[in-house]
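As structure tokens, the next two blocks hold two forms of the same chain, structure 1 and structure 2.
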Structure 1
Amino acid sequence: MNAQDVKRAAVIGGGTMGNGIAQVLAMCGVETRLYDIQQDFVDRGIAKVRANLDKGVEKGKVEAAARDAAMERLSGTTELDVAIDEVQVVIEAIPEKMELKAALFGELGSKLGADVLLATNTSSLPVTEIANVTVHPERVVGMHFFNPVHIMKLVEVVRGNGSSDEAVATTVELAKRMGKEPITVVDSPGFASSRLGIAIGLEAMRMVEGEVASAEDIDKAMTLGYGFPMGPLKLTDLVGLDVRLSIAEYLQTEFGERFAPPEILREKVARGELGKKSGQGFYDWKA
């Protein structure tokens, strides 16, 4: 299938990522159905898209007519059969739990023809394992977007062990059609982005622990010396120390000691210093 042939798509899960993905799909001309388990989650997702696009119009970044056309193309439902009726693509953005994703992909596989592309936005789970529960696992790929979806350019296209070349190629082209910059990664723990991002983040924490420099100065080394848009410690504060700890623990089980979480990270999480959301992380956010 050619990405230009994608006329209708379903996005499963209307939370942080799902509503962003639905917005970008609708903006690039795809009739998009947003599915969630409760009507108020669907409504909230659609309202978020509307608010984002209104803000875009206010700032002069989105034409009012383009917003209106995208909103026309976007609909919401709590009925899976309605969401996936005659779609060419399904993008899943439900919580990061294997049992939920496996149940969904099992159902999608039994309901949809082999030509329908099934993409998961998982940030860490093995795409191959998700694919293997479905009929025709060759049409399953990872399509890892970044938050906020309408702004962040990167999409990691993850090739599961059984993904077909055609499924990967269509996903790459679809990501481009959505205005994104795709990279292709094999199904390996942490893909490219999390594995490298966490490695740098953990080393920066060990440097704070070893009193090499202050958090501010370590971050400055990377922003001014290496052109990072944000230092690894500030980024950790924004993502959440608890989130980064659980990814590090997972990567440690896969890659061994080089991903062992530093003591300072464990201690901060135990004290409830989770970063910006709790007011304290490597930085003080209370002010």
Structure 2
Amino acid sequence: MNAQDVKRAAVIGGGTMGNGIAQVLAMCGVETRLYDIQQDFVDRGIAKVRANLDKGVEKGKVEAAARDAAMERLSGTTELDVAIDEVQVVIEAIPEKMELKAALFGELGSKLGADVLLATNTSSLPVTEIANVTVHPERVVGMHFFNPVHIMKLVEVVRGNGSSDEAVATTVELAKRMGKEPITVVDSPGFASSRLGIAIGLEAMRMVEGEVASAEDIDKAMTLGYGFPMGPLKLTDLVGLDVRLSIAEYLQTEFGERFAPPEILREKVARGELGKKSGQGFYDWKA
């Protein structure tokens, strides 16, 4: 398959990552169907895309005609069969739970032909394990986007043990078509980005826990001293503390205690302080 020949795609999951992926697909000329299990999830996802594009128009970064054309290409549904009808690509962006992803890919694998590319947006789970529940694991790859999807340039293309050269090459070219900068990594716990990002984020949390410095000053050390575009603690708030806890626990099982989540992270998640989405994390987002 040639990435330039992709006409229709389905994005499974209407949350933050899913609606962002749907936005950039629609913007690059692909008829995109956003699927979720409840209509209000779908509606919120499409409304978020509209809000992002409206903001882009206001700032002069998106032409009004391009926004309108993208919204014409975007639709939503709660029926999986409708979402995947005659698509060339499916990108999954559901919660980071192996049992959920395995169930979904098992269903997709049985419903779709071998020529349909299946991509998972997982940030840490093994792509090979996800692929192995499908009928044709060779067409399954990782396609790890970064939040906010419409702004962040990186896409991590993950080659599973059985991923074909064609599937990987198509995914790389599709990422470029979407205006992204892809890197290719093998299927290893945490891949490249999550493994490095979590290591830095966990150490920053331990520094807050040990009262070495405030979250703001730790982040400032990394942005001003090392040129990071965003500090590790603010990034944790943006990604979600619950998401980072889940990734850290998985990496701990694979690599040992150096990825053990600090108590401050566990306590915040237990209190519902999940970052920007809950209004409170290492920063107060309510204002």
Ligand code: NAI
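Please read all numbers here as calculations on a predicted model, not as lab measurements. The first residue in the sequence of structure 1 is number 1, and each one after it adds one. What we label the rigid core is the largest C-alpha set whose atoms superpose within 1.5 Å from one form to the other.
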- [ ] Can you spot the form predicted alone among structures 1 and 2?
- [x] 2
- [ ] Considering the rigid-body rotation between structures 1 and 2, state which of Ala64, Pro189, Gly106, Ile264 is located at the hinge.
- [x] Pro189
Task: Rigid-body rotation angle between structures 1 and 2, smaller part relative to larger (whole degrees) - done: 19
Open item on the list: Please give the CA displacement of Gly256 between structures 1 and 2, in Å, after core superposition.
Closed with: 3.3
